[in-house]
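Here you get one chain, nothing else, as C-alpha cells; it is the form predicted alone.
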C-alpha cells in the first residue's frame, strides 16, 4: 500500500490539521528506553507537550509514566489508564483544593515552594510522602521564557532552604521521598544539565529518606535545517555514572523529544500579497493554533507540500489569519513559487502546538489526525463555526 500524502490528508480532513505519526512516537520511546537500559532509570512523559488522549495512550502503553503540571493533566492521565502512582504532579502555585484532589487521586505530589510544603504538612492528609522541587541556580533552554532553573526563576525551592524544608517535613511526620529539578525546555548545552544533576545529587546525599531523584527533561530537537541532533546515547552514557546511590530510582521527563518531530501542521495558502519589501503567504491557521513563533520567536521549517519537486526560488513570510501584527508563523523562507490554494507543511509541531492552541478571534481549533502504519485516523474533528459560537453562548449562559 502506498503511503498517504499530505495532499491526500488535506483533501480528506481539510485544513488546518495537525498530523501525528504514531510509529515515530513509538520508535522514539524505544530509543529512550534503550539509551538508559540497565540503569535504575524511569521515564516520565511531560503531558503538557501534547495531551491528546490517543497520543497519551500510545506513550503509556510504551511503559512511560506521566509528568503533569496541573490536576487536570493528572486526572487526564488517570482517565487514559495510567497508574496514579506513575503520575508526578509538579505543582506550580497550586490551591489547597487542587492539592487535596491530587492526593485523594493517589498521584505523587512534587512540591515547588516552601509555603506549599507547609500547607501539605499541616493538611493532615493520609498521604504523608512527597517530592520537593529544587531551584539549582543553573538554567538553560531555547528561549529566556523557558529557562526554569536560573536563580531568579519562579520554580523550585532555593537550595539554602532545603535543610529547613526537610526539618519541617520531619516535624510533621512527612517523608521527603523525592527530589526534583528542571533547568529548562529545549536545553542548548547538555553540560548544564549534567552540572545541575551533580548539584542535585549533592543535596540528595543529605536526605536519607529519598527513593526517587528526578532530573527533569528539556531534551532538545533540531528545529532548523542542518542543526545537530541531541546526542541522546552519549548523554545517557555520561549520566550513567551518577546513578550510583542504592535504593534510588532516577527519572527523566522527555516530552518534546518524543513528540515534536512526530507532528506537523498542514495549512492552506489563502492569500499571496506583495507588500513591496515583503511577500506574504496568508494561511488558514495562525498563532492561535501554533503559538511558539510569536511567543518564543521559535523556528519551524516550512515546506510547500503541493510542489515537493520544485526548486525553492522565492522568499516569503508566512502569516496567519489572526487580527494581530504579531501573527507571523515564519519569516524570510525560501519556497517554490507559491500560489493560492497551495498546501504548506509546518514541521516539528507535535509538541507545544495543539496544547497551546486557543479560540482567539473565535476561530475553531484544528483537526488532529493520527497515522498508524501510514493509515490516518481522525482523533479530533474540526468544529464548525456554528458549533464554536454555540458553545460560547451555552458556556456563558447567554439567553437563546
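It should be emphasised that the depicted structure is a prediction, and the values quoted were computed from it without experimental measurement. Residue numbers count along the first chain shown, from 1.
Heads up, the form predicted in complex with a small molecule isn't pictured, but that's what we're talking about next.
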query	finding
The small molecule contact at residue 185 in the predicted complex, heavy atom, 4.5 Å	yes
Close approach of residue 71 to the small molecule in the predicted complex, 4.5 Å, heavy atom	no
Exercise: residue 156 in contact with the small molecule in the predicted complex, heavy atom 4.5 Å	no
Interface membership of residue 339, the small molecule in the predicted complex, 4.5 Å heavy atom rule	no
Options 232 to 240, 100 to 108, 210 to 218, 277 to 285; stretch whose heavy atom lies within 4.5 Å of the small molecule in the predicted complex	210 to 218
Heavy atom within 4.5 Å of the small molecule in the predicted complex - the one residue of 146, 176, 330, 204 that qualifies	146
Heavy atom within 4.5 Å of the small molecule in the predicted complex - residue from 268, 142, 116, 199	142
